[in-house]
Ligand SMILES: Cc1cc2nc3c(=O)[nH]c(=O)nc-3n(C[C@H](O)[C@H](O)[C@H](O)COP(=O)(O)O)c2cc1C
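Just one chain is shown here, as structure tokens, and it is the form predicted alone.
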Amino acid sequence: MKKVIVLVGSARKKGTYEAARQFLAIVGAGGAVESEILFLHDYSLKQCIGCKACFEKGEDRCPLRDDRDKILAKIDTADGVVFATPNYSFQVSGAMKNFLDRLGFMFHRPRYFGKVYTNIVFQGIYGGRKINGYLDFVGTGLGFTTVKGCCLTSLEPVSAHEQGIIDRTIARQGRLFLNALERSTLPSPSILRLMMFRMSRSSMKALLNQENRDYAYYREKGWFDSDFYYPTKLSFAKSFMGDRFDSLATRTARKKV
């Protein structure tokens, strides 16, 4: 039994919420799946104050006491995660962005390897594709195996023609997500992801120490000595490029010391 949760960044039980329900119906019809929809508006999430305590000392040192960790506990138990948001002012909703801001430490210390992720953007007119791109990047940065998100466009009331397009888009997205959910192998890293990992870890190793949570986390995970975040077989070209990225980051960091 797989578990899938959808985090909805809208307070309305229309549009984005209806798309989330439809998506889960597609996923559930294709396999044994337990699902849950979480409304971010139902949780207390204070705004990040930029103190950097989560970066330097650990997320448990965050001075804001709210429901962030309740949501993260839900994600921890899931096999698949979906971020669903309306297009508000050509970006994710405020509730969704506030939640993502509270995960800043996790882009330094990604943790969701092996979990499948996608996103759904619901809009009236324009701009949703760029939001998909942003949320795709976010999912990958958090460690998820990312299925590219989809954008649904319709003004209210939804016409029969628009509903047909929405139905086909969600059906396709659901199938792609389910296929990824059923695969057990982790993807080989792209050159870009490999570069980001190698340069981040080599910079940390040169500039930080055990007192810093990022450094301690990487050491605990064995990432200072690994090829990538998780065991993977690199081609000769990727292995060569990875070594070059390490060297470049180390040289650059030493100039700052």
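One rule holds for the numbers: they count along the sequence shown, beginning at 1. No experiment lies behind these values; they were computed from the predicted model shown.
Unshown form predicted together with the ligand; subsequent notes refer to it.
- Contact here is defined as any heavy atom lying within 4.5 Å of the ligand in the predicted complex, and by that definition each of Phe90, Gln123 and Tyr126 is a contact residue.
- Interface membership of Pro86, defined by any non-hydrogen atom within 4.5 Å of the ligand in the predicted complex, is confirmed.
- When contacts are judged by a 4.5 Å heavy atom cut-off, Arg244 does not count as touching the ligand in the predicted complex.
- Contact annotation for Lys14: at least one heavy atom lies within 4.5 Å of the ligand in the predicted complex.
- With the ligand omitted here, the record of contacts in the predicted complex names 6-14 of 244-252, 231-239, 6-14, 20-28, defined by a heavy atom within 4.5 Å.
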